[in-house]
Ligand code: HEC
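A single chain, nothing else alongside it, follows as C-alpha cells in the form predicted on its own.
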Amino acid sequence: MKSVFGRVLAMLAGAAGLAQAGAGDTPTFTKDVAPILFKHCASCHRPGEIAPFSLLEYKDAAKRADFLAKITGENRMPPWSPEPGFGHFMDERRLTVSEKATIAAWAKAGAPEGDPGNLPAKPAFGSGWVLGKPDLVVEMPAEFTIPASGPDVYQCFVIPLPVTQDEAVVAVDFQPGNTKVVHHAILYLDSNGQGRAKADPVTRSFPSFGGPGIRPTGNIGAWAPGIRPGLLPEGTGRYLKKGSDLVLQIHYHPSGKEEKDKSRVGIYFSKVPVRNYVGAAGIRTRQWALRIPAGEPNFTVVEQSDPLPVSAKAIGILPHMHYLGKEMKVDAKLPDGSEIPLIWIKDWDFNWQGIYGYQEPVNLPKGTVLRMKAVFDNSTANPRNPSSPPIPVTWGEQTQDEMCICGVQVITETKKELRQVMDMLHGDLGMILGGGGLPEDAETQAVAMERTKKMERMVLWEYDADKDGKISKEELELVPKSNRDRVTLILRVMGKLK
C-alpha cells in the first residue's frame, strides 16, 4: 500500500506527464527532465531542505547536467540503498532505466531547456510535513544549547501529550531544529511519570547516555539522517495510552561551535479501528564481539536470532550501523529450510538510513530464524571513517563508536503472541528497534509481570554476591563477557544496577 507521500508525488508527477523522449528525439528540460526531477528529487532538492542545491529551476539543473547524469547513472541518487529483488518496499526511490537514459541523453545534448510551455507545475510541499498536516504537533519545551566541543550529548526531553483517549499512531515526522548537531532521535512513551520525576523542573529534560534512563512503556518511532516518514498499513498502529508523556531522546554531536536546537514532532493517528499493534523482532551483534581493528577493511560479523516463538508478519525493517558500516544483509530462514530475503544494503551510508516498509507483509512462521551479516571498513580507504588515522573501534553510543542492529517490525494474531516476540529482545531494546507498548489487559499484564519477576530472580540469584538486592560494578565483572551486555541491559531497565 502506497504511503500518502508516495500517492501525492505520483499524482503530481502524473499531472506533469512522465513520457520520456522517444527514439531519435532530443530530451529537453521542460518536457522530459523536469518531470523526473520533480518526482524523485524535489522533496530534498529545494530551498530550505537538506540537499545542498535546488533542482526546481532550469538554470540550477542545467549547470549540473553532467553531474546529474553521472550520479543517477551510478545509482547514487536518488538515495535508495536496498538492492533490488532483496525485499520489495513501499515508495522505492529508484529511477527506471528509461529515466536514467533520458537524463544522460539530455546532458550529452548540452542540456537544452525546451519550450517553456511544456514545463509542468512545480510540486507543492505545503507546511513542510511530508505526510500533510499532523493530528498533533509537539516540540521541545525550550531551546537546548549544545557545547562547541566535548563528548556527544544525550538529552531526554519530557513532553506531555494532550491525548485524552487511547490512540493508535500510524506515523511520526521528526523535524530536527538544527541538522548540524542532531545525530539521531528516539521517541519513547512514558505513562508512569518516570521521566517527569527525573527531569529538571526548568528545562523539563535530563541527560541519559545510551538508554532513556527510564523503563519506557512504548515507542512511536525513531529518526536518523535519511529516514523519511511513512504510514503503517491500514488497521495497524503503535499504541499510545492516554495521559502519556513523550520522552524525546536526542543524540547531539558537537559541531565545533556552540549551537542551539528546538526540534519538533508531528504525530498521525489512525482514523480506522486498529486490528494489529506493532512490535519488534530483531538481531544485534553482541557488544563484546564488535571489536574492529584499525586498518581492517572487511571486518565481518554474522549473527542470528532465536527461533520465533510464534508466527508473525514482518511489515518493515530498520538496519543500523555507524560510519564504518559497509554492508548489511538480512534474511529469514524458515523451519522448512527455505529462505526469504529481507534486505541487502551493499553500500552503507550513515547519512541515508531508512525504516523500510514492505509492500506486502512477509509471513514468518513459528520457528523462523532471522540472520544478519554485516561488514565494516575501518581502513583509510573508507572516506566516511571519522578517525584519521584509523583507531580500534568497539560498540558504543558515540559517533566514533559502532553499532550493529537490525530491527524487524512485526504484527501477530494476538497481543499475547506479540508480547512473546518482543520478549526475545530483552528490556527496552525492543522499544529502540521499533516496537511499541501494548494496550493493558489482564493477560498481557500477567505475561509481563511474570517475565520481569523471572528475570529479576535469575539475575540476582546468579550475581548478587552480597545479597543487597542490586548488582555492583564489581559483581557485574563476574558475569561472563558473552552475556554481560544482556545482563547489564536487564539490570538497567529493572533499576537493579548500582
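Rigid core: the largest C-alpha set superposing within 1.5 Å between the two forms. Each residue number is its position in the shown sequence, starting from 1. Treat the numbers as computed from the prediction; the structure is a model and nothing was measured.
What comes next is about the form predicted together with the ligand, which is not displayed.
Heavy atoms within 4.5 Å of the ligand in the predicted bound form belong, among the stretches 263-271, 296-304, 105-113, 78-86, to residues of 78-86.
A heavy atom within 4.5 Å of the ligand in the predicted bound form is found for exactly one of Val369, Val153, Ile71, Val137: Ile71. Think of it this way: in the predicted bound form, the ligand has a heavy atom of just one of Leu95, Val375, Leu161, Leu342 within 4.5 Å, and the residue is Leu95. Of the heavy atoms in Gly469, none are within 4.5 Å of the ligand in the predicted bound form. Contact annotation: Thr28 falls outside 4.5 Å of the ligand in the predicted bound form, judged by heavy atom distances. At a distance threshold of 4.5 angstroms between non-hydrogen atoms, Ala62 is out of contact with the ligand in the predicted bound form. In the predicted bound form, no heavy atom of His320 sits within 4.5 Å of the ligand. Taking the ligand as it sits in the predicted bound form, the stretch 289-319 never comes within 4.5 angstroms of it through any non-hydrogen atom. Once the rigid core is used as the reference frame, the Cα position of His251 differs between the shown form and the other one by 2 Å or more. Relative to this conformation, a decrease of 3 Å or more in the Cα-Cα distance between Lys180 and Cys41 is found in the predicted bound form. Pairwise change in the predicted bound form: Lys39 and His183 C-alpha atoms lie closer than in the shown form, at least 3 Å.
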